[in-house]
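Given next, in structure tokens, is a single chain: the form predicted on its own.
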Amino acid sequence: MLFLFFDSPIHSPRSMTDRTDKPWAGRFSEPTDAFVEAFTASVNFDRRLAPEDIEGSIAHARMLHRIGVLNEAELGAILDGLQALRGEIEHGAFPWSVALEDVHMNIEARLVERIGEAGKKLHTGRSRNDQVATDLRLYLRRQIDAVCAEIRRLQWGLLELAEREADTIMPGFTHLQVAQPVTFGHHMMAWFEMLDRDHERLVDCRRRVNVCPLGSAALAGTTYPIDRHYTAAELGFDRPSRNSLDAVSDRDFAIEFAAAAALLMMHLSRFAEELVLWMSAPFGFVRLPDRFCTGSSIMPQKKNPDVPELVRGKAGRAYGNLIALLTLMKSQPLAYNKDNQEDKEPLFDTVDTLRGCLRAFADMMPAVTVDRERMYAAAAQGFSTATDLADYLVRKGVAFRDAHEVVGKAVALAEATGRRLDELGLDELRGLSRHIGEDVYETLTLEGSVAARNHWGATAPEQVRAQIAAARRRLQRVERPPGGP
């Protein structure tokens, strides 16, 4: 069973006029069935594109005036009328109508109602096919810029946290088993680098978004002597599209954004999972501010990490929207098909999900506090300096495979006697290899382990600070930090 829901400001038939026929009604001998009218309408969701639709219409009107289709008075009336509609929409006073199907026809009909015959000339040389493709690109371009700004805000927060905890030792994991000690600052910089690639992908995606379809008309272009380069420049596009069939029919730019968004949400989900683990009692590594947590209705002691959990869960929405868009396009013949009406809700949902999750993380991460003692104690478990002992033996001339066997025996001895590696006596260690000397204990400390990894990209505090400084310079080359000079 299909249920159709529309927000209350949408009316059917159109409330401002008794006219219920469509702009294309001349071809038809009977009115649209009421259910079909509701089923095929998109205005309940595509009215989000109203600012872009008006922006595109303003540029199109100026171009029509430039080529002589509109005179000065008509252009002035159209521009004034569109600005008035913009105000109505911003103030919630615009009378949206399902009978007029979509955002484009609602705005056009309202414009004609306000300014008369001049409004009917606005659609000269264009179609709803190139109009919606243009609106979507304008919308997505703006949203990519907003998403990129939120990524950067989160990255600045991670740099702040990484610098604060550059010396804090924690266990590094593989297979969620203690592997080697690392610094918390190094771990935060891993998240930073993932986000940097996400930012790069979105910036690259924006280049392909920033192409203007306007003037492609329905599918074949138009017979009017339009100036597409002028319109593209007016709207801030890099260039007009090169093929009219392609311009109106493909949504690969939206799919590419959805793919980049899914990757970004995957990264946020991984961050969220670690925060959830680290906040649990068995770990106790971090604390989130109360304003980012909730309690239990029955267990008064609970402090639940709902924000990270929701971010982790919302990744599935982004994945689903990507698959929905791919499936939508997979068998469509050229050119435009009504199927493409279904591109907007997945795209809008991905934008909303992504921006909300990024905002939550960007607000939350600088306020995370770290329990350094718990992290240090956890890093001391699981024989995390075993690899350092093997490297020590290699530096003494032992082949790595032989060193690996010696360390394995040392771990077995420590485990059997309930001790750490650095708690084994020197005689016990020398009993495993004559190459072990008193200096071995410098290698077996957590501080010695992280300090020894002192090369570019590694976990030594010195290197972490160098990475943070380089990241700050990299970001400052293109933008100032929030609140910066």
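Position 1 is the first residue in the sequence shown; the rest follow in order. No experiment lies behind these values; they were computed from the predicted model shown.
Unshown form predicted in complex with arginine; subsequent notes refer to it.
For a residue to qualify, one of its non-hydrogen atoms must sit within 4.5 Å of arginine in the predicted complex; none of Leu424, Thr443 and Thr445 qualifies. Figure note: of the listed segments 415-423, 451-459, 56-64, 38-46, the one touching arginine in the predicted complex, with heavy atoms no more than 4.5 Å away, is 38-46. A heavy atom within 4.5 Å of arginine in the predicted complex is found for exactly one of Gln341, Ser249, Ser269, Thr353: Gln341.
Residue in contact with arginine in the predicted complex (any heavy atom within 4.5 Å), chosen from Asn210, Gln180, Asn129, Thr222: Asn129. Within 4.5 Å of some heavy atom of arginine in the predicted complex lies at least one heavy atom of His104. A residue is said to contact a partner when one of its heavy atoms sits within 4.5 Å of a partner heavy atom; Tyr336 meets this definition for arginine in the predicted complex. No residues of 415-450 lie near arginine in the predicted complex, the criterion being any heavy atom within 4.5 Å.
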